[in-house]
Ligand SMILES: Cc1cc2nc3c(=O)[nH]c(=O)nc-3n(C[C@H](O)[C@H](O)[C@H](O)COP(=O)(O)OP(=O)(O)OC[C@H]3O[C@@H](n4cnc5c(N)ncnc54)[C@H](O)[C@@H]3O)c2cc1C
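Form predicted on its own, single chain, as structure tokens, below.
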């Protein structure tokens, strides 16, 4: 199977948290008579007939031509030279993770209105989120899901360049690499693998979705429970409704983008009166180990432990590390070193993010909304002790304080269907997300950009063919 992106990082995208090591970079060839495979690499899916075109050719390339604007007007981020504005009903994007936000932003820049519907109460972004912990006058910015990301493809590099200029992201200059299960640290080769990017020093990785959403119409803390077709001719549009049957947004939407996965997405797509090509890839099951091939997405869970370690007590010689072949831990990162900040007091701790392995997450899975106290205690102690033992300092464990525990229930996609998006031309329903092809921040944003280009072309009458999902295969 072709693989994507060139660096290793613990990444969260479009509702997925995963440790990824990929080779190459995301590529997409859009064919006028079917988004098929080509010699360039992965494709949108479907047949491989007709001439070549490409998301990377005209529309997405315009993304990197946008001048940085400070005025914040709705017109300022519409690219010069973009296609004429589509004056039909807007596109509904269900899911405010990075894939959905990137899709909405790209649609806007292509002259198509879009509305994002997200369940998040505080802000959109899914697992690209951060928390703030205060201690003795010191503020610690903590990435409790997404840790870092790469930008290998030109389309994502263009967005990253914009974000860097506006202070949204920065290169991670710390010591990052891999840690053997015996505690031996090996730094990553940035020359070969490219830089890792992290969020802003003031808000962490949460700065990325905040920037993507800044000039979009985002409905927060809403639950889309049902999709109803507008009465009339096929393709007349969709109405979104809450669990109580209340109509959401402005009523009619020309296209629905499913930018999330898991059981909720499966239930939502099954409210449609007829089957679409989006039904099959939204089926899912939870497992600790992926099947070689499957007719549905396979997901696993991850635990995250935020740990305050007394400053000077840890012998760690790194700021972030993938833990190799460990039963409990897959990642350990020092947020205090990652986001050093001017402080009113003197911090007595470093705040670390520990991420479990998928098998450990599956073994200790429970309700992520209501974690039983005994499970919280067991998992926090095991992750804390595993970290200190890995560093060769088991005696430090008792002096460490667990600040926060979180279970990401549908965190890890264990298999992919090897295409960047799914598009149903007749129903006007599509899917984007990193879990389709590359569980990574870059994979999520690229999937959103690619689907946005296809949707814009479809709405402007190019009659693009549908792209059924390929079988899922183990990553």
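Positions refer to the first chain, counted from 1. Quick caveat: nothing in here was measured; it's all calculated off a predicted structure.
Note that the form predicted together with this ligand isn't included here; everything after this is about it.
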Single option in 290, 222, 400, 112 placed near this ligand in the model of the complex, where near means a heavy atom within 4.5 Å: 222
Contact assignment for this ligand in the model of the complex, among 282, 321, 351, 146, heavy atom within 4.5 Å: 146
Partner-facing stretch of 357-365, 374-382, 187-195, 147-155, counted where any non-hydrogen atom is within 4.5 angstroms of this ligand in the model of the complex: 147-155
This ligand contact in the model of the complex: residue 119, any heavy atom under 4.5 Å: yes
Distance check, residue 444 to this ligand in the model of the complex, heavy atom within 4.5 Å: yes
4.5 angstroms heavy atom contact with this ligand in the model of the complex for residue 437: no
In the model of the complex, residue 259 touching this ligand (heavy atom, 4.5 Å): yes
Heavy atom within 4.5 Å of this ligand in the model of the complex - qualifying residues of 89-105: 94, 95, 96, 97, 98, 99, 100
